[in-house]
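The chain below stands alone and is given as structure tokens, in the form predicted alone.
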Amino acid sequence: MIERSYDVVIVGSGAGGGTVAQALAPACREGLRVAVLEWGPKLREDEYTGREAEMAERLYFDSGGVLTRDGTMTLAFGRAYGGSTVVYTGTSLPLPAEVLGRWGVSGLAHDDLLARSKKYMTENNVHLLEGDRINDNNRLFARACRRLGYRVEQFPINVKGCKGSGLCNLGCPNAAKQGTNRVQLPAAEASGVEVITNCKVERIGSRECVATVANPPWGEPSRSEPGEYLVRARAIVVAAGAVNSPALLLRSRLPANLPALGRYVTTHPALILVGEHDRPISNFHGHPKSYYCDHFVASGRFLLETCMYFPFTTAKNLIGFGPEHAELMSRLDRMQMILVLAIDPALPDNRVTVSPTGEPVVNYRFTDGVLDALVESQRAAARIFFAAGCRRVHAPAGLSFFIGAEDVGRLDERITREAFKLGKVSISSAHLMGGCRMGADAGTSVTDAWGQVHGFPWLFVADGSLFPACAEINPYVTIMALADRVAERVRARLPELPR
């Protein structure tokens, strides 16, 4: 076994890990040794091909096909230099004050979180896409929402030099999306942080990690030779995501009682709906996610967002098979698409566990409230489609494959809870959160408000698993703001930690 020693080891390089790495990097010039251990590869620029199956295999865990234990929901999360920031659309919203209030984390103030969020929004070139660069798929959604009296807002996005390829979720082939792979990690490396890719951390011991380096057939070879490693550190920051962070801590069998570890997972359960126009529209070309509608957050507990996914992903999200399915898929150039996201409660039994071999297992139960929200969100999305001029709509909870425009007044009858069958509909997790939630005590939380694991002054968490409950909006910027706090606490705590 090869041995290495550092002052700080960061597990994961996404929004959390990449942020911590950059925040600690200035101290490297003063002799601090910092390493990032990233399970995934760093792809070469010419390997961002935009081919759906190819990129899914290279950039996602299990090609984006991880399932919950009962198979009722697909969980997609990235594995790459830059983590999931490589495969998301760049939407960048700070956490609303009312959501933070519902979290109820003592010592976590909204002013502080907002200031840190704005810092990274500036750093990542977050801005509103210019109006003449918004495609029909997005423009029609916004226009229809306003026509119906629904509140609709434009997403700020973190792009620079966007060419409108529409491939955000497959890794931007034009290096336009400003994820941690483009901003924070290169800056950290330039200051002396060592990033070791293709490095899976198997478990954590007392101020040490056991890891394995193995190079896949794609991407740059790891800077470290293949093999098993024992990596010692004064402080360890776990930022492997809401599935892998709790799973890593669970299989590490830490000598502490943390009953909340792995629990209170939320997923923003999501569905894709499509509407068909009687003419071609611009949809695949252009940024896929420019608008969101939060009109129903308070009453219906769901969000509506524009989206445009790729042929395989779209096809598997349609209900049924046969001629109607084939006919709709043949008209992709006329397709408008909406993503609906339910705001799910943080329940103790919705949790990450580990299998006998140490692999993460996500246990998730849909509450009646979440199922009702998913059904009502489909009715709202259908109204938007018809207000946008669609001739017919496909909804997963529809009584028939197509719902025609003539049925716009009967959507409560045409889209029903009875027709919404778990296992039949293709539900995906939009945003994985929780599992290492922040809080005041070890009985109901895993870390304090600064991401330090209760009872372990050398162990921290810095990713979406910190969320005590659903963020109710896209969580990327909030993860960065929380990670910035974690880095501040690590810097303050290091002098107290033995070498």
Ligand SMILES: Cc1cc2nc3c(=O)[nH]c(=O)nc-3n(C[C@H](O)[C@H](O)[C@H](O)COP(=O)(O)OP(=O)(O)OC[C@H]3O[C@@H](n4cnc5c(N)ncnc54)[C@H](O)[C@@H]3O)c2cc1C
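Note that residue numbering begins at 1 and tracks the sequence as displayed. Predicted model, so just to flag it, every value in this text is computed and none were measured.
The same protein has a further form, the form predicted in complex with this ligand, not shown here; the description that follows concerns it.
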Review point. Honest question, do Gly16, Phe61 and Val87 all end up within 4.5 Å of this ligand in the model of the complex by heavy atom distance?
Key: yes
Exercise for review: Quick one: from Gln452, Thr68, Ser445, Asn474, grab the residue that has a heavy atom within 4.5 Å of this ligand in the model of the complex.
Suggested key: Asn474
Exercise for review: Only one of Arg143, Arg251, Lys119, Arg232 comes within 4.5 Å of this ligand in the model of the complex by heavy atoms, so just point that one out.
Suggested key: Arg251
**Study point:** in the model of the complex, segment of 196 to 204, 219 to 227, 374 to 382, 311 to 319 with a heavy atom within 4.5 Å of this ligand
**Key:** 196 to 204
Review point. So in the model of the complex, does any heavy atom of Asn135 sit within 4.5 Å of this ligand?
Key: no
Check your understanding: According to a 4.5 angstroms non-hydrogen atom cut-off, is Tyr291 in contact with this ligand in the model of the complex?
Key -> no
Practice item. Find out whether any non-hydrogen atom of Lys42 is located within 4.5 angstroms of this ligand in the model of the complex, and reply yes or no. Key: no
Practice item. Using the partner position in the model of the complex, report whether Gly262 sits within 4.5 Å of this ligand, counting heavy atoms only. Key: no
Review point. For 156 to 178: residues with a non-hydrogen atom within 4.5 angstroms of this ligand in the model of the complex?
Key: Asn169
